[in-house]
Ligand code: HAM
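Next up is one chain by itself, shown in structure tokens, the form predicted on its own.
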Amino acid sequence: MSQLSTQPYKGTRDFYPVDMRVRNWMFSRVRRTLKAYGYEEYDGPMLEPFELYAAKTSEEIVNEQLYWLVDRGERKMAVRPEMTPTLARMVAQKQNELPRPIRWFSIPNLWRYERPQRGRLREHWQLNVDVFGGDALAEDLEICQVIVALMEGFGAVSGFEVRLNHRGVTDYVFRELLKLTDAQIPVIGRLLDAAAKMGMDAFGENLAKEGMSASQIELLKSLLQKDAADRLRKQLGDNPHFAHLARLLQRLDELGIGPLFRYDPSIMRGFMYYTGMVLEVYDLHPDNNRALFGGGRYDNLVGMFGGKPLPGVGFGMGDVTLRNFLEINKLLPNLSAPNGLYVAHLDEPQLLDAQKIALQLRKLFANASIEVPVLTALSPDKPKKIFATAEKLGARTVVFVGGDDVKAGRYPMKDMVTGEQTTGVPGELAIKYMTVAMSAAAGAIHGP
């Protein structure tokens, strides 16, 4: 029998404790920011009927990237590649019961069968933020603010840019300026969406293969130029969708975050269910100059489930690209900083005493609403070995429990970072730890 591989399935990751620290830190930051804006967390099933994605998701995902299976009841099921169809289904199911506006977020585990590369794996976690049931301009304005707040929550006050477009503007360009047919629009839209990755020459060649004329190709290429917005303004006139974007950018300026946003007519987004504003957030760092995440408005999606049309806008942020952004911009805190207490007994008879002291310390920290790990030794040892073990386990402080200590009811404690030593009852040791170590521990756990 051949030996089993220790490697995870291609395109997935093992999350060892050191990796989980980073993931938990990122997700806790996200939750804190979103709850401050009144967003509530939800979740849905990993498996959905195949038809849900066949009807509501892009052809590329359904035909090339969807994981699916047939269950024991002969039902064709899909492993969720995105969360928005599930969200729309859930909202449609209880549409009349939910208070408006609906502000929801989730961080689901998603699967897509694609070629693993930097920033893109087959399995990832993705933050989804959506708001339904409000005025379109107000919703768009709020979702833009939330994006900035999330980035600022990670310490990123610059180094990124949010690029905005509007599907109504794009449709005007496609139908009125380029004179494309209904069949041509999704094909050309996908090419425009991928133009930055394929390069200008390849973009032009692919457009020519689709029957685009020289003048059409020139106009499409011009949408990728830096001055595209200025030149397009002259051709759009009083287009209402462009006016919506102009008002949105003006409001963002008035809120003091306008410099982080700009109109970019080349932003398409791959999903054809977007109906209004679309956006992509870009990392401006020269070593990671790429789109981080994006989203847009999908006013008709909930109505596809038989409910009343409900305007909505949202975005999705993957954990892989987020971590890459934080690492390359040096925004990840030191999550390996020593933290917590290691309660160790010197001889076998003190095992239970050490356990009792650890229990008291945990209760004291819990009553103070402070998260401090209290670890116990599972075998007696000499002080030198105890220090080595505590350091490997990531503890900051060691509490020794010996026979004489038990008789006296007072226990020695040493801070391995400062070298400071003290002796006291469990309550005094807890207070000492909090005054000496909690400032540094908070910085390690919660970051900058």
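Computed from a predicted structure; not experimentally measured. A residue's number is simply how far along the shown sequence it sits, counting from 1.
There is also a form predicted in complex with histidyl-adenosine monophosphate; it is not shown, and the following applies to it.
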Of these, 321, 86, 339, 165, which has a heavy atom no more than 4.5 Å from histidyl-adenosine monophosphate in the predicted complex? 321
Identify which of 305, 263, 293, 160 has a heavy atom within 4.5 Å of histidyl-adenosine monophosphate in the predicted complex; exactly one of them does. 293
If we take heavy atoms and a 4.5 Å cut-off, which stretch out of 309 to 317, 151 to 159, 184 to 192, 199 to 207 is in contact with histidyl-adenosine monophosphate in the predicted complex? 309 to 317
So, in the predicted complex, is residue 251 in contact with histidyl-adenosine monophosphate at a 4.5 angstroms heavy atom limit? no
Close approach of residue 282 to histidyl-adenosine monophosphate in the predicted complex, 4.5 Å, heavy atom: no
Since only the chain is shown here, I'm wondering whether residue 128 would be in contact with histidyl-adenosine monophosphate in the predicted complex (any heavy atom pair within 4.5 Å). yes
Within 4.5 Å, heavy atoms only: does residue 103 come near histidyl-adenosine monophosphate in the predicted complex? no
Looking at histidyl-adenosine monophosphate in the predicted complex, which residues in 92 to 126 have at least one heavy atom within 4.5 Å of it? 112, 114, 119, 120, 121, 124, 126
